[in-house]
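The chain that follows stands alone, in the form predicted on its own, written as structure tokens.
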Amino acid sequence: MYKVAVSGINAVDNPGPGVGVAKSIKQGDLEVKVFGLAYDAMEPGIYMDWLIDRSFLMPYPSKGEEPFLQRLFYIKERYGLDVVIPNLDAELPLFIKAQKELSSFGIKTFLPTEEQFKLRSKGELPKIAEEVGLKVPKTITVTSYEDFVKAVNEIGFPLMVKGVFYEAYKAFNISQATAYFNTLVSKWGYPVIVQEVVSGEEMNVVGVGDGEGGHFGLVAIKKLWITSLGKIWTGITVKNEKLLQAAQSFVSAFKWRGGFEVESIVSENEVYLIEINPRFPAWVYFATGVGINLPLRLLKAALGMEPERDWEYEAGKLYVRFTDDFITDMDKFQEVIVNGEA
């Protein structure tokens, strides 16, 4: 029985990937117990006891490495813990930095290196795009308001205003653009990215790199309907050869290790690289549903097994996200609040 901790169980209107990861590994051919790592007692995954066997509140990553690791070591000593699959951007730097320390304590991971993680910076996209044979929208990195105004005038409206790691907004005039710019600077600091808007269909690829230039499977989808927060609500599997080849080239060139998502805009015969995410997306269960269980393969790799590498899937399969309700007792909520676990 393997005990696997999964974060990102905040299955809300802006869902994390954790519930999809938990469903995937529960449906695999390994006997597992899933521990949910939560940052708030209201995260719905805590109460999904058919998926999450036990949940633990974690200190916020901003509290630093020491309390974060001590919490994981406590879980290991008290309940046993074999593998951690982190799914949130904010916590990944801590996990990546602490991989060796976690391993020495018997907690395995399968994550990118610190150098690979830096590739998620939107400022790195032109370099990645050139390496993998894709285009990138005109992008200007700014470190002052004066540079920002120049970039806006150069690119023209509409345009995207993005934080270097987090958040992106589409602006149609200077008032909107300035408001978004100020929000990003106050929240994340400089630099800020100003980017051309390209039209086309949103297509993404999810996969797991083996760390040696190969991969344990890829699945490409086209977004049909997204929420106001930009999360996919319905989508369809596709086999865009240029995009899939680019994803393979990315893994090969940078020897990516772990889960990833390539975001793109496909316009006629051009594919524009929009973003690289260094973890599974919230829609990762779509891949499992079409026969490519990527979270399970990542788990096997973390355990030192050789995962499956086939990735034949059927194009035209439909993904539909939906909301649901369930009723539970207050006891578990109170236990989480009082004890930090349940």
Partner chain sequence: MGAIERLAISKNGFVFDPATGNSYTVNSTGLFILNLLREGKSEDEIVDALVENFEVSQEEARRDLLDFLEQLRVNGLLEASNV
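Residue numbers count along the first chain shown, from 1. Not measured: the values here are computed from a predicted model.
If you look for the form predicted together with its partner chain, you will not find it shown, but the lines that follow are about it.
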item	value
The unique member of Lys108, Arg71, Lys222, Lys255 whose heavy atoms fall within 4.5 Å of its partner chain in the predicted bound form	Lys222
Listed residue that, although its partner chain is not shown, lies within 4.5 Å of it in the predicted bound form (heavy atoms), from Gln99, Thr178, Thr237, Ser121	Thr237
One stretch from 156-164, 222-230, 87-95, 191-199 that, in the predicted bound form, holds residues within 4.5 Å of its partner chain by heavy atom	222-230
Leu218, heavy atom within 4.5 angstroms of its partner chain in the predicted bound form	no
Non-hydrogen atom contact Ala315 with its partner chain in the predicted bound form at 4.5 angstroms	yes
Contact flag, Val251 vs its partner chain in the predicted bound form, heavy atom cut 4.5 Å	no
Exercise: Met203 in contact with its partner chain in the predicted bound form, heavy atom 4.5 Å	yes
Partner contacts in the predicted bound form for 28-46 (non-hydrogen atom within 4.5 angstroms of its partner chain)	none
